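Below sits a lone chain in structure tokens, taken as the form predicted alone.
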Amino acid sequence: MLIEEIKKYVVDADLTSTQKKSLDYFLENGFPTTKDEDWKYTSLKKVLKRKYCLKSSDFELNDEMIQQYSLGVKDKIIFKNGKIYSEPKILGVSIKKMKDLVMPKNSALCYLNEAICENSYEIVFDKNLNLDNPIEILHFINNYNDYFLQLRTKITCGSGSNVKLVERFCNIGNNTLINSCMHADVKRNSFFEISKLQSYNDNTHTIDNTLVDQDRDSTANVHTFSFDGSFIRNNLNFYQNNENCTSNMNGITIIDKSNFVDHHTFVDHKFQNCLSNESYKGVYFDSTKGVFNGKIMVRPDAQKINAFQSNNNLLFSDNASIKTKPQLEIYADDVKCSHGCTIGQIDKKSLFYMRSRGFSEKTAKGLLTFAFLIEVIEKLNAKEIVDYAKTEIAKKLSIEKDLL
């Protein structure tokens, strides 16, 4: 069992007192199971069956491999098996390796990450720094054996800064289970945006934990694109810790074969005059399974809140399924909150109309599906992300990209 491997691994590890406490917490609670409410529809049994190695091995990384996964963004932060490989030289941006990087923890997996992660980093963006173009974060992963990798990153956005990031995990090796924890500390009057690109091979199983803390007058956007990967679990949590915060979450999922994607989101409105928008769209082929669980909390002092959440899904197979659970928990009375979900298929009348205009059935379905997704695409700012999304969507829908 993986827990036994973890126990063996830590025998020779030089753990700090904080890491020892986190390890004890994890060993007491273990990996989440379907008995846990937040994991009711998501089982780790198959993922945890493999015998994973926790020690990393080195491998050669060249420019050709980097180009293959890069969006062509000029500035890149590159990691190899969780260790920094290269970083851009940008005035006002610094990367520090931290032995005892303390971040908020809200699950046993976060405690495990804190306990055994070999390489933890803080990326700091100085006060009033304005980045015109996004920075690309590429995690290259390769190991001789099946690998259980911990990634741990803190993003600090100084007051008044403007930061845009793109993150991608690039597994070029054996079966890998990734447990990633990211904490974004978004200071007063700053703008933070990250696009998570999840186009993985069948050897990649990912648990992505992202926690965003926001101060007064800040905006934080998280865009998640899940296009491939046998198992993906995204835990996204926003905490609005002062007034006039704006939180935006957008996601597109298009999967086939027997792939699985689970989006769990949580927005905690603690103060008044704040806004949150959440829009997730899913398209499911073959024997795929999806889960969406979105919760909005509005606390008693959080008056004049606008919070909107939607999850819309298309099923293209009788064997595909989606479990969706939007939730509102409101303890204030002067608020505007809404949530909703839909599950359906392509409208037959619209399909007939497209066919009558000379489009093949495959192209007609592809264009109608893209029209279903366009609401999320239009919320993207960086042209590199728009191009990436259209390329992946065209590929998944088997239509010409020029038609989009």
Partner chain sequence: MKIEPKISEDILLDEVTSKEYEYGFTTNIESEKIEKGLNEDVIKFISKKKNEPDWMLDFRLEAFKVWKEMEEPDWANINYPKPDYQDIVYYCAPKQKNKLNSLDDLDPEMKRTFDRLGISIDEQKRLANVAVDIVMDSVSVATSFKEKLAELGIIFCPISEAIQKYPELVKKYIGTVIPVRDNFFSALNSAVFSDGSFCYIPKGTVCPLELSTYFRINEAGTGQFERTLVIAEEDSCVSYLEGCTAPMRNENQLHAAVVELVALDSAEIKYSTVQNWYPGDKNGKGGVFNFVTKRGICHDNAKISWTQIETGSAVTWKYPSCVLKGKNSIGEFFSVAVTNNFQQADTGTKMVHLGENSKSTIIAKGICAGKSNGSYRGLVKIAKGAKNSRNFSQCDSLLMGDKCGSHTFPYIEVDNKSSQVEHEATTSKIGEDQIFYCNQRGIGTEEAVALIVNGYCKEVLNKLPMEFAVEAKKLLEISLEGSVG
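Residue numbers count along the first chain shown, from 1. Keep in mind that what you see is a predicted model, and the values were worked out from it rather than measured.
The form predicted together with the partner chain exists for this protein as well; it is not shown, and the discussion that follows is about that form.
Colleague: Of the listed stretches (47-55, 353-361, 335-343, 367-375), which one has a non-hydrogen atom within 4.5 Å of the partner chain in the predicted bound form?
Modeller: Heavy atoms within 4.5 Å of the partner chain in the predicted bound form occur in 335-343.
Colleague: Heavy atom within 4.5 Å of the partner chain in the predicted bound form: which of 317, 86, 242, 189 fits that? Just give me the one.
Modeller: Contact with the partner chain in the predicted bound form is made by 317 alone.
Colleague: Considering 248, 201, 128, 303, which brings a non-hydrogen atom within 4.5 Å of the partner chain in the predicted bound form?
Modeller: By the 4.5 Å criterion, the partner-contacting residue is 303.
Colleague: Please determine whether each residue of 5, 145 and 148 possesses a non-hydrogen atom within 4.5 angstroms of the partner chain in the predicted bound form.
Modeller: So, no: the whole triplet misses the partner chain.
Colleague: Indicate whether residue 96 is a 4.5 Å heavy atom neighbour of the partner chain in the predicted bound form.
Modeller: Answer no; every heavy atom of residue 96 is more than 4.5 Å from the partner chain in the predicted bound form.
Colleague: Considering non-hydrogen atoms and a 4.5 Å limit, does the partner chain approach residue 328 in the predicted bound form?
Modeller: Flag for residue 328 set to yes.
Colleague: Using a 4.5 Å heavy atom cut-off, state whether residue 322 contacts the partner chain in the predicted bound form.
Modeller: Contact check for residue 322: yes, within 4.5 Å of the partner chain in the predicted bound form.
Colleague: State yes or no: in the predicted bound form, is some non-hydrogen atom of residue 40 no more than 4.5 angstroms from a non-hydrogen atom of the partner chain?
Modeller: Yes, residue 40 sits close enough to the partner chain in the predicted bound form that at least one of its heavy atoms falls within 4.5 Å.
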